[in-house]
Ligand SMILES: Nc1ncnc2c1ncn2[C@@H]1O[C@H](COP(=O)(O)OP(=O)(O)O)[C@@H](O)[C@H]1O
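As a starting point, one isolated chain is supplied in structure tokens, in the form predicted alone.
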Amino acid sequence: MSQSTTSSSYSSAANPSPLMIEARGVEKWYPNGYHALRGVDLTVNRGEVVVIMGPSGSGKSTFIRTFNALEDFQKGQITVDGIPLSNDLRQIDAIRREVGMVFQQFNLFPHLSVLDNLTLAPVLVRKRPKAEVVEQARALLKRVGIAEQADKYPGQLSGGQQQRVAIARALCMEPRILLFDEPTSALDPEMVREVLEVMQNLAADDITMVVVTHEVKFARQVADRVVLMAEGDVVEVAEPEQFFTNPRQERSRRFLDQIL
């Protein structure tokens, strides 16, 4: 991972910048020599919803996974909520405390109840009182529409319900940034809508969100900006209306011809 100048404090609470994520010249190679990210630049503002789209293999998921060090990178710089990302484990830990992530495959603990899935990290990582966290977790389950599922196990839920649990679990850590890595791609079509509705409600609360998705309706209605990636780099960044009706780049037009 690229080494950045370290700061004396790893707290982001006093970050005065409107930028929540700033990536400059990010390059990544896999051990087999595949060049996954090719000098990627992107900024995400506080409270902004950025949707990243692109063909399979374009580097979308790899890129957002660098934001919380789930993927390393070899060149460039990434700053998350005022914290420069490097190999310093203290910085990585500080960033992960502020960044929640919702995965394609839910990644819930199958041996824990829904409620325990939500409360585990806030109690162990943030050292918060268990009773306080349980109260918050029940409120979040109600918010995502599955309060009655608190005592069930993930295997007893539908895919859409499991993904809503995953969203509530991420929120229980009170993150400043939420990352979504194709959160509806593993769901049956009838379950997609319920998850997108939850995400749309979150966007209305001004939480900073970066969403990798192919859901065009969500991007048009919710995103502040749409990013197209192809072949490991950013091709175009535009507001939804411009991107979907009058893209500037020929590569964007070819992509939209395939999905619209």
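From 1 onward, residues are counted along the sequence shown. From a predicted model like this one, the values you see are computed outputs, not experimental measurements.
Same protein, other form: the form predicted together with the ligand, not shown, and the subject of what follows.
- The chain is drawn here without the ligand; in the predicted bound form, the stretch among 216-224, 24-32, 41-49, 200-208 whose residues come within 4.5 Å of it by any heavy atom is 24-32.
- Interface residue remark: L196 is not counted as part of the site for the ligand in the predicted bound form, having no heavy atom within 4.5 Å.
- For the chain shown alone, N68 is not a contact residue for the ligand in the predicted bound form, no non-hydrogen atom being within 4.5 angstroms.
- The ligand is not shown here, but in the predicted bound form it comes within 4.5 Å of a heavy atom of A36.
- Along 49-77, these residues reach a heavy atom to within 4.5 Å of the ligand in the predicted bound form: P55, S56, G57, S58, G59, K60, S61, T62.
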